[in-house]
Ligand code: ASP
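Only one chain is shown below, in structure tokens, and it's the form predicted alone.
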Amino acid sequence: MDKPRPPRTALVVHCGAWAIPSEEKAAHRQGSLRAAEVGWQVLLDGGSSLDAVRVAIRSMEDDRNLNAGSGSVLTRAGHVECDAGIMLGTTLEAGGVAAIRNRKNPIDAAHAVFESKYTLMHGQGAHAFLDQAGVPCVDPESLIEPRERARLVTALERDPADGLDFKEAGVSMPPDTVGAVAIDRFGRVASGASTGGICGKPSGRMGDTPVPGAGYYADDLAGGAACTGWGEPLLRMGLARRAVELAREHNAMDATWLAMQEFEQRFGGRGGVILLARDGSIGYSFNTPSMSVAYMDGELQMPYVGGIAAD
């Protein structure tokens, strides 16, 4: 019987899964590459996996081409409402925020909850909590991209009742989450996710992204995962935890493939998942036309960018 490989430092990120518009694919490739680079630098400098995940996701939130933080999609009412979550596999502690409108980096807001005695904060109560925690507040209008105003108009013209039908895998629409998973030199696993949600969603709608076990999960004994896709079935299945549990018995790539098979066959779900097994091996799988992924470990000279479908 083969002995388990010792943990190795590694990082994997994604910029979301769906039918990424052709004109946005290059930006998604670049966004995932940049996030992998800055997150990996944290690990190279001896930083923790939690800090690496936070820095990588913050990079994607600052990228106005992506659906997280600045540049997020809009609700039916024309607002940005963001969700985010982060988790440390050493203690199994997590922090998440949902439906927040006035924070440039929702992952920092989630981290503030992580550092408190709470796990999940929502809406106006979250805003008050974040003010007390010192997480900077911004003008919500500063988060809105003209591209997203136009996209919302198109979505509501297609379906005035519900906006864009996010159940259709082939619809050309922005990916709905960014995420990251990291293992540091001490074998500590962390994961996190951030999103603006679904274009044309009703105000207050919350998907899987802020919920540990659904949108993200980390356990030093097994690994870490971060998900993207249709949030309602992701919540019902608990896809992130399922993928991590499968990594106890399968290699990382097989674990993600098996998790996605179950997600599609049992729940009709569409999306993707990235995973680091406890030994630092990397896996990802998706059942939508595109998902931009980048990863890095000590055996690579530079981050590998893959997953996204070619034109």
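Sequential numbering from 1, following the sequence displayed. Just so it is clear, the model here is predicted, and its values are computed rather than measured.
The same protein has a further form, the form predicted together with aspartic acid, not shown here; the description that follows concerns it.
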* Asked: Can you check whether residue 212 is within 4.5 Å of aspartic acid in the model of the complex, heavy atom basis?
  -> no
* Asked: Can any non-hydrogen atom of residue 122 be found within 4.5 angstroms of aspartic acid in the model of the complex?
  -> no
* Heavy atom to heavy atom, is residue 158 within 4.5 Å of aspartic acid in the model of the complex? -> no
* Does aspartic acid come within 4.5 Å of any heavy atom of residue 230 in the model of the complex? -> yes
* To do: Specify the contacting stretch among 95 to 103, 123 to 131, 183 to 191, 221 to 229, defined as having any heavy atom within 4.5 Å of aspartic acid in the model of the complex.
  => 221 to 229
* To do: May I ask you to choose, among 143, 74, 234, 113, the residue with a heavy atom within 4.5 Å of aspartic acid in the model of the complex?
  => 234
* Which residues in 94 to 131 have a heavy atom within 4.5 Å of aspartic acid in the model of the complex? -> none
